[in-house]
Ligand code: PMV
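In the form predicted alone, a lone chain appears below as structure tokens.
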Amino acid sequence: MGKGSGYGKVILFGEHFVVHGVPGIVSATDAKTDAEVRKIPQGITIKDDRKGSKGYAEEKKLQQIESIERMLKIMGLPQTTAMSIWLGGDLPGFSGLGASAASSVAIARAIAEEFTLHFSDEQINQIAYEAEKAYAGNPSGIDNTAATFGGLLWFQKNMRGGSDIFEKILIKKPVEIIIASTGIVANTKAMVEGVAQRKKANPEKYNPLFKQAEELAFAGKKALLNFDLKKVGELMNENHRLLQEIEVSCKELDYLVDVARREGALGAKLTGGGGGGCMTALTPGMDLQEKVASTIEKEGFQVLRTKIGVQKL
């Protein structure tokens, strides 16, 4: 039996903008997806025991099958390769948490171990990126990079087709955040395509917004390195406004953002593809984290308590 794991992620700055080459900042979470793979006589079976939004696994099933087919091809295995796949771990299957990337990394590592293939982390990252195309169409690469390497990362997609640029951002200590799910399973591929279409149709509106997103990313990096959490929160709030401007938020996300800020979060924004999925809030200290999390749970939403800046487990 082969085993593997992949980290969940939260994007602090730059979702959607990173697809177009704008730098972004992403943190792996301390929650991860685990996978186990066994050879079987024929076919591919998948048992998904991850907790998460109702219907997430069902909604993503066809995309998941395509992702595995893509993995087999890039790993040099026949499409007729037969195996059973089990998915578990403590990362919920929420849209916006990088659940698909985490599972892709975990499955790739488990397949490699079961079939005695030797891949570096860099190669696993490329395999997961190929798998992510099934979920996102034109993925930025930010999710699979965080899922593979962990930590807090500065990321920029190479628009010329070479290796993406990423570097670790080291902060004084891990910081508590919460991630709340709207319960809506988002279609990342459709959201990414929608932004690209609107940007092409209305460059006068979109180009300045993308420039602002770039400036926010650099300011966010500086604030994190200075451990100025108040500034980080303010910049997250501004990033949410930009995401509203490019039409990827929704009333449920905006509501969760408002509740988190009202309860004392230093900053809050949607995280991931939008159109549903998740909101994240900066809540340093366990007391503030619990205050914001419990209030949102009382509203009927699922919440993950986690941290950013956690180095590889």
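For clarity, every value in this text was computed on a predicted model and none was experimentally measured. One-based numbering along the sequence shown.
Keep in mind that the form predicted in complex with this ligand is missing from the display, and what follows is about it.
A.B. asks: Identify which of 89, 233, 139, 150 has a heavy atom within 4.5 Å of this ligand in the predicted complex; exactly one of them does.
C.D. replies: Filtering the options by heavy-atom distance leaves 139.
A.B. asks: Pick from 171-179, 216-224, 75-83, 140-148: which stretch has a heavy atom within 4.5 Å of this ligand in the predicted complex?
C.D. replies: The contacting stretch is 140-148.
A.B. asks: Answer yes if any heavy atom of residue 22 is within 4.5 Å of a heavy atom of this ligand in the predicted complex; otherwise answer no.
C.D. replies: Although this ligand is absent here, residue 22 would stay clear of it in the predicted complex, with no heavy atoms inside 4.5 Å.
A.B. asks: State yes or no: in the predicted complex, is some non-hydrogen atom of residue 97 no more than 4.5 angstroms from a non-hydrogen atom of this ligand?
C.D. replies: Heavy-atom contact with this ligand at 4.5 Å: present for residue 97.
A.B. asks: Do residue 192 and this ligand share at least one heavy atom pair within 4.5 Å in the predicted complex?
C.D. replies: Output for residue 192 is yes: heavy atoms within 4.5 Å of this ligand.
A.B. asks: Would residue 188 count as a contact of this ligand in the predicted complex, using a 4.5 angstroms cut-off between non-hydrogen atoms?
C.D. replies: The answer is yes: residue 188 has a heavy atom within 4.5 Å of this ligand.
A.B. asks: Which residues from 8-23 come close to this ligand in the predicted complex, meaning a heavy atom within 4.5 Å?
C.D. replies: 9, 11, 15, 16, 18, 19, in sequence order.
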